[in-house]
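Read the single chain below, which is given as structure tokens and is the form predicted alone.
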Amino acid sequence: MNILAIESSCDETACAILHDTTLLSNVVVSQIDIFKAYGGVIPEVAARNHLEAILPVIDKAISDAKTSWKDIGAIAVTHTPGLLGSLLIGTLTARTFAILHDKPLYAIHHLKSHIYSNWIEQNSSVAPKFPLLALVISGGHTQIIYMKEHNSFEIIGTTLDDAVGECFDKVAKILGLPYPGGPSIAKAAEKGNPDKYKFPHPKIDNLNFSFSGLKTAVLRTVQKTCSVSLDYPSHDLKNLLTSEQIADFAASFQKTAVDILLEKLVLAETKYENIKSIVFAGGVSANKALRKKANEIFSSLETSIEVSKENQPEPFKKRKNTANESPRIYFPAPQFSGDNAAMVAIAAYYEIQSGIEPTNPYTLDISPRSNIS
């Protein structure tokens, strides 16, 4: 079956066509260049740009796939969570085409799509196995989700304040690095010393996260380094820092954020038995430092190399000691880490395979916030 999917939850206008698990086309129009000057997304501007881009993007996806509407078996669209205006453009378009072409419509949760990005073009022999843990990390979300099977989601850890991607953006702003903060900090960190500055790890119970304290710790350390008072305008601090200091702050912050994420993931693995796979999802999953550290901690089942624990932080030493006991880890391909429609299509495919009924296009609603289910 060919599935046409639409994604417009934030500032990417995207359409993809999937034949079962094989991707036929994937078109993404990003608004990042528009919002760099503002340091973040302006919802009303994002919605207007979606309105201009949505139909050309769909036409190009159909053209790239060398198909037509008569060959489309189902339509999928992101309906929650996200920006209201952005979601409205995508869902109204999908509902209209579903009615016009008499196609079943599948309303997809945004976080479900990110998780299922790890299944794109994966056959059953190499796809993630259940039960699994999913670490969803983006500008708006930081969650650990337990899945015992397809379309079964249990949130076992979540952020109590800022999402990790939001923290990257705010720290980047303090350091005078451009939006979006994730790629900017990662690039600056390449020339920095990750051990130059020591930032605290929040003492949060269970598997939950907190990143507001880390953001404040970076701000206070920058203020102290620059010998200014606490009421000094944070947007001017960048003018007092050298390029070397900016690189060191970026590297030290990135290391701390990565360690906080993986410490909780290791704790989750110790609490849930027989975990076969660990999947990373969301824009922050593209971070190279995170991928490198995760591969050091969760060694592949396909190798028989023991992972050295001598220099690991204490939480990482609690893991089982051999690769044969480790779950296999998955990261989405870089082009599927950020928002895209291919991940919406693959999530819809597994809803169809699971027997989930399509949504009525006349009654489909949107929601800016909702838990995955």
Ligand SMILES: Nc1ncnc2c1ncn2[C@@H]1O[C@H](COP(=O)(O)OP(=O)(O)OP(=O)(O)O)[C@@H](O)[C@H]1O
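This one's a predicted model, so the numbers in the text were calculated from it and none came from an experiment. Just count from 1 along the sequence shown to find any residue number.
As for the form predicted together with the ligand, it is not shown, yet the points below apply to it.
Of 66 to 74, 51 to 59, 332 to 340, 23 to 31, which is the one stretch near the ligand in the model of the complex, taking non-hydrogen atoms within 4.5 angstroms as near? Comparing against the ligand in the model of the complex, the contact stretch is 332 to 340.
Can you work out which of G157, G283, P128, G192 has a heavy atom no more than 4.5 Å from the ligand in the model of the complex? Among G157, G283, P128, G192, a heavy atom within 4.5 Å of the ligand in the model of the complex occurs only for G283.
H141, heavy atom within 4.5 angstroms of the ligand in the model of the complex: Residue-level check for H141: yes, a contact with the ligand.
Under a 4.5 Å heavy atom criterion, is G85 part of the interface with the ligand in the model of the complex? Flag for G85 set to no.
With the partner left out of view, is D162 within 4.5 angstroms of the ligand in the model of the complex by any non-hydrogen atom? Flag for D162 set to no.
Taking the ligand as it sits in the model of the complex, is S113 near enough to touch it, meaning that at least one heavy atom pair lies within 4.5 angstroms? Close contact is absent here: in the model of the complex, S113 is far from the ligand, nothing within 4.5 Å, heavy atoms only.
Of 161 to 185, which residues get within 4.5 Å of the ligand in the model of the complex if you count heavy atoms? G165, E166, F168, D169, P180, G181, G182, P183, in sequence order.
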